[in-house]
Each structure stands twice: as C-alpha cells, then as structure tokens.
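Heads up, the chain below is alone and in the form predicted on its own; it's given as structure tokens.
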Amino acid sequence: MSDKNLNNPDTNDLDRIHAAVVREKADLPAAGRPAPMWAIFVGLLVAVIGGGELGNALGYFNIESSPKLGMISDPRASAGGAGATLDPFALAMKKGATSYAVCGGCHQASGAGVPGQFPPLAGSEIVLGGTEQLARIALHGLTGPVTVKGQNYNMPGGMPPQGIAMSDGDIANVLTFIRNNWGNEGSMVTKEMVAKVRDTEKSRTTQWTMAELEKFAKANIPGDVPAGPGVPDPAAKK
C-alpha cells in the first residue's frame, strides 16, 4: 500500500465505492420504461384514422353541409345547385354584386362616385340609357370629359377597359347590377348581348369618347331579355 493510501485510508475506500456505483445502472420499474417506437407509431395512426372517421360521420368534412364550417352550396346555376332556383335576372344581380368590386373603387359602393372625378352610377343617364353605349364603355373604357346629372367629370386617365380581364358574362352581370341598384331600374343585359358588341368592335384598341358614343346613346343591343324589368309577366297573359 502506498504512503498516499496509508495516510488517507478514507479516500481510498470512497474511490472504490464510487467506481462501483458508476458501473451499476439503476433498474427502472416496468411502468417507468419508455414505450417502444413501433407502439407510438401505431397509436398515432389509430388516432388519425379514428378522428377522420368520426369527423366524417358528424359531417365536419362535408364542405356543403358542415355545421362547423358553415359552408354553402355553389350559387352558380347548375343541376341541383342553389343557383338553379334563381331566375336569370336574380342570378345576374347576385353575381353582378360580387363583380362590381372592380368598379366600386372609383364609383363607390353607394354608386355615388367622387365629385369632379368619377361620375355617379345612381341615376346616371348613361347607365339607364341605351345598352349599346353602356356595353362599349365597359368593354373598351372611356376617356375625356363626361357630363352626368348636370355635373362635369374628367376621370384621371379615363375609365380603363374591362373587356380584357372580364368575360362577356361578368360584364353582363355588372351592367345588369348597376342598371338595377341604388334606385335604378333597367332591362337586363345578357352575355350574348355583350358578345355581339365585342365581336362588332373587335378591332378597337382605344378608349371611347362621349362624342363617339353619341350615336349609341339610346340604342339597345338586340336580343332576348329573359327576366327582370321590361319583361312581361307570363301570368298577365293568361
């Protein structure tokens, strides 16, 4: 035994005990051992599948009838769709109200426009005039001064053409909407009517001026008007 160990017998005993403890691993009780990975994976899989089946059974994943999501059926006219219950005029008004967002930034949600800049649509002679003129403005835009309800307007940059981004149906719906909102009342404009004007003016690449449109001011686009103002009530014929 070295002089160090002889002089420090307690230290020698502690070192040997500590080394023995380090070599030993405490036994975990059965309840404290971590679950194997395969068991965790199976449990998650069962939870996902079970949750999906439960949600489907309660109707939470049905986008047309979910009580939680509050979704509704597509309003566009189609077999069995909610739009199928609307007549053509009512459906055009419904869709036109949505598409009007493109126009509302200038003409305002109230249809009152902005004094000196953007003319009002409410009570406008142009809106309630001939549909030939109105469709051309919507398709190709308008530039230069315009007088509405006795007030002069000169839109900065003019009204941009909408025929590039919007379909014939979209434009027809918006025109029907503005002709029958804010106290206005006018006949319905159909996509077939807009298509006729688009085809007639297919070579035009510039905005209209009011002087150019004067000859169309009172002319209506030929075509059947399926519903709305100006269409006789079928019941009245009986």
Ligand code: HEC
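Start at 1 and count along the sequence shown; that's the residue number. Worth saying up front: this structure is predicted, and the values here are computed from it rather than measured.
Absent from the display: the form predicted in complex with the ligand. The rest refers to it.
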item	value
Residue (of 98, 110, 154, 151) lying close to the ligand in the predicted complex, criterion heavy atoms within 4.5 Å	154
Partner contact for residue 142 in the predicted complex: the ligand, 4.5 angstroms, heavy atom	yes
Residue 178: touches the ligand in the predicted complex, heavy atom cutoff 4.5 angstroms	yes
Partner contact for residue 134 in the predicted complex: the ligand, 4.5 angstroms, heavy atom	yes
In the predicted complex, residue 174 touching the ligand (heavy atom, 4.5 Å)	yes
The ligand in the predicted complex: contacted by all of 102, 146 and 159, heavy atom 4.5 Å	yes
In the predicted complex: members of 92-129 within 4.5 Å of the ligand, any heavy atom	102, 103, 106, 107, 117, 118, 119, 120, 121, 124, 126, 127
